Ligand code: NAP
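Here we start with a single chain on its own, the form predicted alone, put down as structure tokens.
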């Protein structure tokens, strides 16, 4: 028996079948109206969502709405309870819901209603897609390059709330333990916080991000971290992320290292590239090279900053959608505040909640309805019909109310939008963009690494792949001709009677043939080549490789995989890498 929540008599609840949501044509979805401007933007958005579903499916599909209660409206109904138990139950029962902005009670039991929602329902992933729509004001010269989805871990990191106030008895106990038992040093009376990052929390977040990339034909997933400084928390997040990709998605993923070293910069069809970037670098790159990144997986604090910063590039949080998700339960939400100053004025931009609903339609698998709204929104904004926030920034704009903006979008959807053309043009633009980046990677790999923030870590990334090899019985003269034709300074000598690989360099020819007065045509490569090969594995670090070359007093080593030469790396290659990138952390 519910106290205030009533499910509609018509409609069916979404179910989970074989680990995936099963959505009927008439699903019951929950909605929380929200506080402040919440009622205004919720009314407008619901009209648009319903109209899009009606138009896209000719009445064969329909959302049946169930109102749920949180925030001030809940407090009025449930004797001051801002997040009643029956709402928590309904959010889990209905699986998919959407909510407007909420007011956190002053002096109440919550640090934040949103944080409480995430923790109580274990909504461990905050998902924030950010892309630009033509006509929306932006500070970037090419805002159309921004099209990224941020997966932010919701339950750990400094947001776990494990803090000890300066001067408190608990603080003194923790400080004493850290100093006396663990040997740590820090200033007296420092406030203390704990930053938990676990394999479980990290892996499930990265797993969800990679699965999203698989399901939505995305090109890459980038692990964002500050692991160069916080090695056992953020560095571990990076490590666990790569482990998930390899162990659970090995058939559909490659590392960025493999992209360059194995595939020459060409992404194999159907493969998702797993990258990682230092947190401070990704902020810069999302301004300078945003189209290099497709899906970002990040811990809590970094994700908080990053998702808002990227949203500012394409119109601000006022139109930035978001959702909090567990494995199946998803609560979509407006990402901005309640703006009580504008409550009940039918004035504000509904974009954030509207596009959160578009996300929700995508989550249901109703992509036609979602794309219909995207196409209509773009047409309306490019004609200059906008709410007051954009009207101030667009010359010649027509300022309209929230409800009128909804009217304009619905009118567009019911008009002559060629949805197939819209979808095709977007797919072609994405594919063209990918091809351009691939051509740059193939033509200038080192320059592309620099521009995209990639720091090579291993010899495999900096080696010259596919070394030229010759038979042991090849004459030195023929090998010299080949070296000149290929513009190379060495060749690999294949095993002869002795069964050993070798390498013949220009220096070997000078010291062992020419200076000795021998004819190159009379000598075999196997007589001149240095054996045994000095080899390194592909995953050896650049510094370790440099140490080995210095110890052996040689200028190049052969990279081997499965006991076969796959590349050569020289002192010049390592010099160039360190000069450009510095020593890897």
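Numbering follows the first chain given and starts at 1. Note that the coordinates shown come from a computational prediction; the quantities given were computed from them, not determined experimentally.
There is another form of the same protein, the form predicted in complex with the ligand; it is not shown, and what comes next is about it.
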Stretch from 78-86, 456-464, 384-392, 251-259 whose residues place a heavy atom within 4.5 Å of the ligand in the predicted bound form: 384-392
The ligand contact in the predicted bound form: residue 299, any heavy atom under 4.5 Å: no
4.5 angstroms heavy atom contact with the ligand in the predicted bound form for residue 336: yes
Partner proximity in the predicted bound form: residue 340 to the ligand, non-hydrogen atom cutoff 4.5 Å: yes
Residue 326, heavy atom within 4.5 angstroms of the ligand in the predicted bound form: no
Candidate spot 99, 103 and 349, all three touching the ligand in the predicted bound form (heavy atom, 4.5 Å): yes
Option touching the ligand, based on a heavy atom within 4.5 Å in the predicted bound form, out of 155, 202, 114, 505: 114
